[in-house]
Each structure stands twice: as C-alpha cells, then as structure tokens.
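Only one chain is included here, represented as structure tokens and corresponding to the form predicted alone.
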Amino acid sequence: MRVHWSNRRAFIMATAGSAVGLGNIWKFPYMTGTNGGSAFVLVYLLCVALIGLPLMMTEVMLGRRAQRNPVDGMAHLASEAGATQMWKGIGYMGIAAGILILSFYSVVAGWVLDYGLRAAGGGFAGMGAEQAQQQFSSFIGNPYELLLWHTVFMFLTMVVVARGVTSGLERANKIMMPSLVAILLILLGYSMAVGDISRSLDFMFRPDFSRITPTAVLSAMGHSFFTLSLGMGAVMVYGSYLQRHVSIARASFYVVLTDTAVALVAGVTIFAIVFANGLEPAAGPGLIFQTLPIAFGRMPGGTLFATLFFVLVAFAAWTSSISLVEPAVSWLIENTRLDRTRAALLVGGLIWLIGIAVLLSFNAWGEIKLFGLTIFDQLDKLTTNVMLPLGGLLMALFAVWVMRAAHAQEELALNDRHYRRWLFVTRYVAPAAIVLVFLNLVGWLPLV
C-alpha cells in the first residue's frame, strides 16, 4: 500500500519546500538585478500565474493518477491511455536530472554552510570588496574545504530521505518551512530598519516598461517554471503521495503562492541591504557570496543577521535537495529489494561521487573543459537548458494530447470553465512558452 501525506498541509509544506530553494534566495535576486528590476519581476509574476500554476497542477495530477514513481507512473499512465511505453522516458530523464542537479546543487549549498559558519564567527566585520573577492576565490580554490561541506550537506539530505515520507520528508518540511519563513520575516524587519527599503521596493515593483526586453521576458519565463521544481519528476512523485480527496488546484495554488512570496520578500530584503551600502544590484551570481558579506560587515548587528541569512539559505537548499533525490529513491524501492535506507545510501553515494568532479572543476580540474565549459557549467547547462524544459514540455503534451480527458477531469475536479482554461494553457500556451525558452537558452533564438 502506498504511503501518503498525512493531510493537505503536509503536501503543501513539502512541495513548497521543494520549490523554495537556492533559486528563490540566490538566483531570483541576482536575475532581477541583472534583468531590469521591476521589468523582470512583472513578467515573472505573469508567467508564474499563467504558466507555472497550470504546469504545477499538471505534474501533481499525473503523479496522483499514477500512484507510482515517475518511471513506473508514466508507464502506467501510457498503458491506461493505450499509448507507447516510450513515455516512461520522461520518468528516467527526471530521475537523471535530479541526480545531476543535486551533484552541483550540493556543492553550492556547501558554500552556504561554510559562509554561515564564517558569519557566526564575525568573519565579515569591516570587509571590503577586494577582501570579499579574495576570500571567495581562496575558498572555492581549496578542494578539501569544498569536499568537507559537500559531504556534510549530502549527509544532511540523505538522513531526511532515509527516514521516509511521513517521518522524514513530511516532518522535516513541517519544521524547516515555518523556520525559513520566520527567519525571512526577521531579516525583512532588519532590512526595513537599517536598509533602504523604499529604493528596494521601487526597484522591484515600480513599473518601468522601457526595460522589458526579449532577454528579460525569456529569462523570467524560464525562471517561473524552473523555480517551481517542474519537469524533473519531484513534483510528480510528491503528487503520488497526495490523498484523493485533496483539491489539486487549491493545493497547487498555495504552493505557487508560497514559492513566489518567498522569492519576492527575499528580493526586497536583499536589495534594501545592497542599496543602503551603495553596492551594485546587478552583481550577478556573486551577490550573496561576495556582495552581501561586505554589506553585513558594515551594518549594525551584521554578525547576527548575516548568520540568520545564511541559515535561511541553507534551510531553503536543504528542503529542495530532499525533493531532488526522492524520485530516484522511490524508483529503487519500488523496483528492487532495497529498503529506503539502502536506496538512499546508494543514490546519495552516486551523487556524492559526481559532486567531487564538480567541486574539482573550481580548482584542480578547472582547465578541463568541453566547448569552453567546466564540469560544473556543463551539468548546469545540460539540466537547466535541456532536461528540465524538455521534461516540462513532454509532461504537458502527454497530459492534454495523450492522457484520456475523463481521467484528467476526474483528478483535477475543476468546473467546466476552469478546466477549459487549464486545458488551453497546458495544450497551447505552456508548450509554446517552453519552446521559446528552450530555443533562447541554447542560443537558437535570434530575438536576444
């Protein structure tokens, strides 16, 4: 008998935990800074509502209908629809994407753990720009330090996964998600007290339509469904644990709302601190590792609040990493004689080994490149630019062109008007948007 979440709230917490990760607190702010501020945010919000929510509902619906891991689930749904078994390739691709993403995600999450410890020790006090850059360069140049923190983070992840759905995933998210929100609100209050909150709000929310460019539109469109953990089977396997009486539409809405709210509040908080210290909002990926330490080092109470900030980011990374590995563990449990603990150790060990190659690409193996990209960059590009959009596209196409309409209607339980809206977006709008993003990411779209 398949294990289920204890209630709707548990599903929302776990799925929101999957969605809320480094993408919200690390990637969203720097993408906003480099893509025109409010212009990017406006398009992002529209895309989340028009594309992200319907795709979230679609993946949850597929998972609950199948009541299996992504591979066996897609095979079952294909049989039910009288379609080819090749559709289960979506499941295999999702499992592979989760393993590859976590292999480099864990390395970056390890940076967060290290910086949290540095912050707690007052390591940012009086830090200047050159010193911050030297500190980060020295840190990622040391493979032994990176290996230590990569190992610690993977251990934390697998401990939760090994404990199971209710005792591990559900319990961890019930603790970490409220803690994450509480820390974020404390940091928002701090930024309102010592930061330039009015300039931050203007930067993020005052419409400046002149800054809406094809690049900003496509970047926002891509981030809107990547941030929701769509296309990799994580939401599908979480949906397979969802009880039948729970409304998919309502639960998905709360997940999307939570994910979006966290990203927006994190952006406001970070930019208020950045602007108050005269720093550059378009600092790119180095925003939280090279720019924010300078800001916290100058501000009253900086040591405490820098520590809280990196604890927040660590919690976000932890809740997401759990979901990345769950599809693979679920598949092993349902297709082999391995119990959950051994399956978690096997998958975690594989990810840990791949992660060693990733962390070495920042130092000892930095010169090993393919098409000019390091191992880290290759895995990032492969998963983000190819596997995730392709997985999301195939799931959408299967749900509306292959799956029987009666089965989709039965799971979604929408009235005719709302069902037709979901059908139109999932059949036409979402696939077109995903194709545009995919072409842009691989450099085949001449608009940008």
Ligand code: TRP
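Being a predicted model, the structure only gives us computed values, none of them experimental. Position 1 is the first residue in the sequence shown; the rest follow in order.
Another form exists, predicted together with tryptophan (TRP); not displayed. Remarks below refer to it.
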Interface residue in the model of the complex among L324, L292, A266, V313, criterion: non-hydrogen atom within 4.5 angstroms of tryptophan (TRP): L324
Option touching tryptophan (TRP), based on a heavy atom within 4.5 Å in the model of the complex, out of A10, V425, L436, L22: L22
Segment assignment from 162-170, 119-127, 232-240, 184-192: heavy atom within 4.5 Å of tryptophan (TRP) in the model of the complex: 232-240
Whether A96, L100 and F376 all lie within 4.5 angstroms of tryptophan (TRP) in the model of the complex by heavy atom: no
Distance check, W87 to tryptophan (TRP) in the model of the complex, heavy atom within 4.5 Å: no
Any non-hydrogen atom of A396 within 4.5 angstroms of tryptophan (TRP) in the model of the complex: no
I51 within 4.5 Å of tryptophan (TRP) in the model of the complex, heavy atoms: no
4.5 Å heavy atom contact, L388 and tryptophan (TRP) in the model of the complex: yes
